[in-house]
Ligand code: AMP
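This document opens with one chain alone, in structure tokens, the form predicted on its own.
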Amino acid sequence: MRIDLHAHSNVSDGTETPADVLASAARAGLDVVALTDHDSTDGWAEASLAALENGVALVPGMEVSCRTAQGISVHLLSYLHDPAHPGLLEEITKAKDARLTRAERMVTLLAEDYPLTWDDVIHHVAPGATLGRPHIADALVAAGVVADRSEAFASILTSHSRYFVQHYAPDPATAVELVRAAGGVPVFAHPVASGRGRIVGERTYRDMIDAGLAGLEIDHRDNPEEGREFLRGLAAKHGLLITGSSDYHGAGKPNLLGENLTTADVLARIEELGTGTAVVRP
């Protein structure tokens, strides 16, 4: 089986609708794909219908934005949780609202130096989508400031830029606990992706594992090989699941569906652990 457990739609920062993500998964020869939009499950219903139409099984998921006390960004994949669980829902709603306030502030700062307005950014956001820096990047591309999202994130929108603004995000261990409480399966997304910014140390791994972390996304293009060896050792030591995925964003990133895969036995274990919702199978 070809299983890809990390993909985004335009409900967050992907460029395709949830239905189109499932159609793209079918064209890529996938048997199973997870929809894991940032801090949102709004694409699940549309993706579920498309799964039946395209003959691709759907793992309902979400990518929770977290931050350590040291200010290091952590992304936590949640699979098969209850989307209406009050504790998790309250936390992601708080984070989603903070993203909006943060984006407004960043656009205000950017407008001092570039031909950019809030309306320019909103034009690139699907109704109800989780607004983030990728949408600001799309507006900068449209304005001719940068060539693509990658250039925007490497320069103007980097976390070291004067235009960068932090936003609220839960502590990673707290997020793991909330996902578990919602019947979900928490997996640490691209943990050693040092090209994205600072990565966490041993204390954060220990706290997340103690809180109930189920797995590590190891086979991901942003994890360097030496980091993957470290992660495999950590997974073996603590009995963690190992996943692989594309982190697909449509045209928003060069990542291709199916470029990294998860094994069928790991998916079976995720299904055993996940009690909040179920895999949608055609």
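In case it trips you up, residue 1 is the first one in the sequence shown, and so on. Please read all numbers here as calculations on a predicted model, not as lab measurements.
The discussion below concerns the form predicted together with the ligand, not included here.
Heavy atoms of Pro134 reach within 4.5 Å of the ligand in the predicted complex, making it an interface residue. Interface membership of Phe153, defined by any non-hydrogen atom within 4.5 Å of the ligand in the predicted complex, is confirmed. Remark: Lys253 counts among the residues lining the ligand in the predicted complex, judged by a heavy atom distance of 4.5 Å or less. Although the partner is absent here, Arg203 is not a contact residue: none of its heavy atoms lies within 4.5 angstroms of the ligand in the predicted complex. The contact residue chosen from Lys96, His124, Arg102, His85 relative to the ligand in the predicted complex is Arg102, the criterion being a non-hydrogen atom within 4.5 angstroms. In plain terms, the part of the chain that comes close to the ligand in the predicted complex, with a heavy atom within 4.5 Å, is 126-134 out of 204-212, 126-134, 77-85, 175-183. Taking the ligand as positioned in the predicted complex, the only residue of 34-51 that brings a heavy atom within 4.5 Å of it is His38.
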